[in-house]
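Let's start with one chain on its own, the form predicted alone, as structure tokens.
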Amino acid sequence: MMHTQVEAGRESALAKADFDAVIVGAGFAGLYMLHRLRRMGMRARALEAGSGVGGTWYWNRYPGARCDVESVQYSYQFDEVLQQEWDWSERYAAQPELLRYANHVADRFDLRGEIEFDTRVVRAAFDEAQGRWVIETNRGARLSATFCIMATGCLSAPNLPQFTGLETYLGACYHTGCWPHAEVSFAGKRVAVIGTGSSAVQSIPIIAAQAKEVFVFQRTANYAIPAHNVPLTDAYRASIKADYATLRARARQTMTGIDFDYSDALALETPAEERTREYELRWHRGGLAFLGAYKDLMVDQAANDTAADFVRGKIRQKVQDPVVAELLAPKNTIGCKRLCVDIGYFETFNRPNVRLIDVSERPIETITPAGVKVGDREYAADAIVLATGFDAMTGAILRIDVRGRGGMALRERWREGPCTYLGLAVAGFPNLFAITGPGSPSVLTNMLPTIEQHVDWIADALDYLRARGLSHIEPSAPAEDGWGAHVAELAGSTLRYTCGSWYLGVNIPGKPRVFMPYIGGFPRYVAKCNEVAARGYEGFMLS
């Protein structure tokens, strides 16, 4: 059955300890936060549920797991020597290489000594009498800290679907978000893959090349743009390193924090033939830059339709069976859900051992001991792969019992949807920070520069407090309300609400339908954060 990797209930070596700051998580956010705090001379400790660093890239070891941002940009920029010494092997780095990079960073900056592994935080409560956070773990530790910093990640709480009968299934069952560390072979097996999001798009071609038979259960078709992944040459790496600063500066000025060639042209004001040539150019270049072809694609449905029709046409060209091609051609707005970057995904459905099962109108009825049942048909499977994504943005934080002033539970505070100031902090929860929390650009951007911007802002804020003999920082309710209204207003002016996506929490039963990330773009967000800091942390109460 489901693979698990963290043991609970073991006695911790920490037992009881006091710190200036406790960081929850040791992925890319937690590592850099720990590094910054140590440089400031603060006593900090990171608590990590896994047995190693890496966060997303520690847990997501499924076949084909790969970043959808080019590796030379999906990397830290806070240390020039680190930028120069690390060599990426491919245009889009695969999970093993990304995990090696995270380990290299942990070792290079000697961070492991301040990380407690195999430790899951179960409760974090603000003690008003002491003015400190009390953090409890699954291993019996009880830590005290002035500041509690959630580096829990945006896509780190796997969504385990509640299929009837799943517990009775006798075969091997895997979730792409918590994959076994040991090699998994599907050779000669019948495999059922449930879901067609990014992890499915990446894993299905590799699983199909091994398995005897693959059943892909699709509720909603997804758009995917070819990666055109290639090994990086020495000459290319040298050219990037020769002027990394310029690349980074260009990236900081884009909506996504990625150095794309964003166009200022409008799709509907461009002649059809010229528009098609532009889409062809970007299709052959590959990657997420496809949506940068025209600036009206995410605000005008007619403009969006031109891009969506182009991609649907490409899918029909790739898939030989016209019935299957139509099932794989998405009907919704392109870019409304996260765009996938693929390597041979659509071509995989031309294989004789791959079958697409449409469950959009007739859903999966039950999981039987032998396989998956849809209607009156049972699909026998030796293994089930749940490519069902994550409880995004808020899931990882809310799986911890977080309590603020007066014992207020964050789960209750966010019952109608997450509310934050700048995606960094929550009114009523003093000295609690979230790195890339809801209400920040986060998943709509390149996560590494977004993480660095948040970590630097938090570190600077703590330094500001220390320099003035202050110890507490908390957003005011009016500032939080104003930011929430701004985030919602911007999201409502785009096409992002036109389909059910994990940006809105639609994939989680009962989750409030709120567009969680900030859609105003990286430069606009950074300017606001800088303005708040420059005005003595306007909107925050300091004491």
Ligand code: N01
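Just count from 1 along the sequence shown to find any residue number. Here the structure is a predicted model, which means the values were calculated and not measured.
Beyond the structure shown, there is the form predicted in complex with the named molecule, which is absent from this document and is the topic of what follows.
Here the chain stands by itself, but in the model of the complex one stretch of 28 to 36, 45 to 53, 479 to 487, 62 to 70, 62 to 70, has heavy atoms within 4.5 Å of the named molecule. Note on the partner interface in the model of the complex: the residue among 256, 220, 146, 95 having a heavy atom within 4.5 angstroms of the named molecule is 220. Checking 292, 335, 395, 197 against the named molecule in the model of the complex, a heavy atom within 4.5 Å turns up for just one residue: 197. Remark: residue 502 counts among the residues lining the named molecule in the model of the complex, judged by a heavy atom distance of 4.5 Å or less. Interface membership of residue 103, defined by any non-hydrogen atom within 4.5 Å of the named molecule in the model of the complex, is ruled out. Put simply, residue 348 is far from the named molecule in the model of the complex: not one heavy atom of it is within 4.5 Å.
Residue 161 belongs to the set of residues with a heavy atom inside 4.5 Å of the named molecule in the model of the complex. Residues of 364 to 396 lying near the named molecule in the model of the complex, listed in sequence order, are 364, 387, 388, 389, 390, the criterion being any heavy atom within 4.5 Å.
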